[in-house]
Ligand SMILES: NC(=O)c1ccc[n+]([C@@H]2O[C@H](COP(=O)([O-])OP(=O)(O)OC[C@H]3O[C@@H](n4cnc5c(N)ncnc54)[C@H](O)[C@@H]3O)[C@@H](O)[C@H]2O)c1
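Single chain ahead, by itself, as structure tokens, in the form predicted on its own.
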Amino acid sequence: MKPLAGKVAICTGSGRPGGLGQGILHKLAEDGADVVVTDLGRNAELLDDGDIGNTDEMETTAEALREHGTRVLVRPCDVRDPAAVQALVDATVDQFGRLDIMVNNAGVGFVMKPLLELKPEDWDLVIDVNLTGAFYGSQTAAAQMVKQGGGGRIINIASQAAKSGFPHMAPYCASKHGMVGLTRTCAIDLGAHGITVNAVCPNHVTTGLGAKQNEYFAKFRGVSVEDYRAALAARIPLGRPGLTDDTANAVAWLASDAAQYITGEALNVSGGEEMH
């Protein structure tokens, strides 16, 4: 039997082709879970960055999953809105009867500016999506898991930036550091209900967003994108940047019974680049 057979999983920020969320859903589905594709949807253009999943992309992701026999729900959600998050969980339960795995993956990483150039709205956007969105997702999913009984899994997609600082990314680093604190407290509060709460901390993964980061920081350092990527790989003991599958595999393990005694952790998935 597949390790997640009979389980139901939501992954926020999972509509974008080639993104971490899409990779996570494919792995959870491969392991037997029914899944929910959710992203900003028709309002994606409001963030005007091109790396937020729109409705057509969500449907494309869902169709690829259905081709392998997975039961899939597609539901747009703005994680900054607690009512929208509640509606997402309610729709999931209406469709599948339960919720077992909540992956808080939705994030904004395209705000890259020196500290002195940041505007209040830059800070608010990143914190609202990355950290407040994870809070709403955790709280709402946990309430459903407690109601139905039997425990559950909450997995927050943090970052290497949850452990170390990076130039020009103050809101992002602050949000991801905060996500680790949120993870630890939720793990304490929810342990009595059999709900584990963990974070996964990948290093750089060249998704669509990752490519934009490569371009920005290569220009910042005055080198080509190719030279920047080579230098990035050179500082990683395993010799390469992360892949979407690396993070997806870690999430699937944390979601499985094999990790039932793991909670409150912030698991590095960084090829040895981050060791604390």
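Keep in mind it's a predicted model, so treat the numbers as computed, not measured. Throughout, we count residues from 1 along the sequence that is shown.
Beyond what is shown, the protein has a form predicted in complex with the named molecule; the following relates to that form.
Residues of just one listed stretch (52-60, 220-228, 29-37, 65-73) have heavy atoms within 4.5 Å of the named molecule in the predicted bound form: 52-60.
Within 4.5 Å of the named molecule in the predicted bound form, a heavy atom is found for every one of 105, 157 and 202. The shortest heavy atom separation between residue 98 and the named molecule in the predicted bound form exceeds 4.5 Å. The named molecule is not shown here, but in the predicted bound form it comes within 4.5 Å of a heavy atom of residue 129. Although the partner is absent here, residue 195 lies well away from the named molecule in the predicted bound form, with no heavy atom inside 4.5 Å.
The closest non-hydrogen atom of residue 177 lies beyond 4.5 Å of the named molecule in the predicted bound form.
The contact residue chosen from 190, 141, 182, 79 relative to the named molecule in the predicted bound form is 79, the criterion being a non-hydrogen atom within 4.5 angstroms.
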